[in-house]
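Read the single chain below, which is given as structure tokens and is the form predicted on its own.
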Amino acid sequence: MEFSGTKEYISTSDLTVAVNASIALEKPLLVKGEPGTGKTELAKQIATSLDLEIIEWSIKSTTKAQQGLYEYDAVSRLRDSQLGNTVKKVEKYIKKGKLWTSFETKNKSVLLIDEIDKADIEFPNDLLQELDKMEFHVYETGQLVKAKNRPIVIITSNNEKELPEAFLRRCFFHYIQFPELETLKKIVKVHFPEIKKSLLNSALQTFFEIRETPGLKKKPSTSEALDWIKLLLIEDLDPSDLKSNNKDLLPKLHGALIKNEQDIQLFEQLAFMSRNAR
């Protein structure tokens, strides 16, 4: 079972090696990188490539590790007891979490734990044993839940906070570098196969100039490049317009590429200086 990328996802050679190494070692793959570099999409494409079911667990700041295993609704059981309803079957008050679901799939699955760094710092440590041994106990019933087929675990992080060393030791790690020009061209062509070469070259030249602008607070990502190019195609802009720094282009940059008011002011100043220098 090996991942080699898909038509919809351009995988670099080092990323492909990392995915297949984690599968071979049966270790979770921890993927870091800038927001918008395709970390979440990677898990979906692994599932597509290997024809596996994907189970997605999107992490929030309030998410607890226990929720990935199961949740016991003690309040509902107490209410039913007070109302005189039968409460002997504890199982009916237990809601299975994403890990439990992935453990029970008939065939191997892909388990995506998305943006793990959003949760509390103790969240990763609370999943150490479960991800390592692929089993856990349901204390309310005494049941041992063990994975029928060990899932391929993909964990993403935007590097908002450091993860515990004990957790890192149990993962295979890969950092997705921002794609180089030629790789980004391939990514764009996957989404817009009919794009003219002149527009593609001009758009990406301008895009990388924006990314490399000194003082930029938030660099635009791959997903934002795709949004911007889609807008250029809809607006039917001539590639030469992208090099003119005219004021009509700035509003299109604002929404698609620039997501910070400080950066908007920076580009307005640069455009003003460029016009006055002519």
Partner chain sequence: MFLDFFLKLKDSKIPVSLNEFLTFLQALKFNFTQFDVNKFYYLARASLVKDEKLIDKFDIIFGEYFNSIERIDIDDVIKFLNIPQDWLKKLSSKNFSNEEIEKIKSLGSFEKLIETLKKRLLEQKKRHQGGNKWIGTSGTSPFGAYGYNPEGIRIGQHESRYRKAIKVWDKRIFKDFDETNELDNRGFQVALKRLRIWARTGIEDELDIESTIRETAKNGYLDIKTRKERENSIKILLFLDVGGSMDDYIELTERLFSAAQNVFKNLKYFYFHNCLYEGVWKNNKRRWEERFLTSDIFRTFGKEYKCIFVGDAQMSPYEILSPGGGNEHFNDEPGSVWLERAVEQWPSNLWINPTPKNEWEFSHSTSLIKEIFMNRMVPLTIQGIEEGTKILSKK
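Computed from a prediction, not measured in an experiment: that's the story for all the values here. Residue numbers count along the first chain shown, from 1.
There is another form of this protein, the form predicted in complex with the partner chain, and it is not shown here; the text below is about that form.
- For Gln143, no non-hydrogen atom is located within 4.5 Å of the partner chain in the model of the complex, even though that partner is not displayed.
- The partner chain is not drawn, but in the model of the complex it has no heavy atom within 4.5 Å of Lys98.
- In the model of the complex, the partner chain sits beyond 4.5 Å of every heavy atom of Glu268.
- For Asn149, no non-hydrogen atom is located within 4.5 Å of the partner chain in the model of the complex, even though that partner is not displayed.
- Proximity to the partner chain in the model of the complex, taken as heavy atoms within 4.5 Å, picks out 27 to 35 from the listed stretches 45 to 53, 223 to 231, 61 to 69, 27 to 35.
- Remark: none of the three candidate residues (Glu8, Val188 and Phe192) comes within 4.5 Å of the partner chain in the model of the complex, counting heavy atoms only.
- Interface residue among Leu200, Leu131, Cys171, Ile116 relative to the partner chain in the model of the complex, by the heavy atom within 4.5 Å criterion: Cys171.
- In the model of the complex, the residues of 11 to 27 lying within 4.5 Å of the partner chain by at least one heavy atom are, in order, Ser13, Asp14, Val17, Ala18, Asn20, Ala21, Ala24, Leu25, Lys27.
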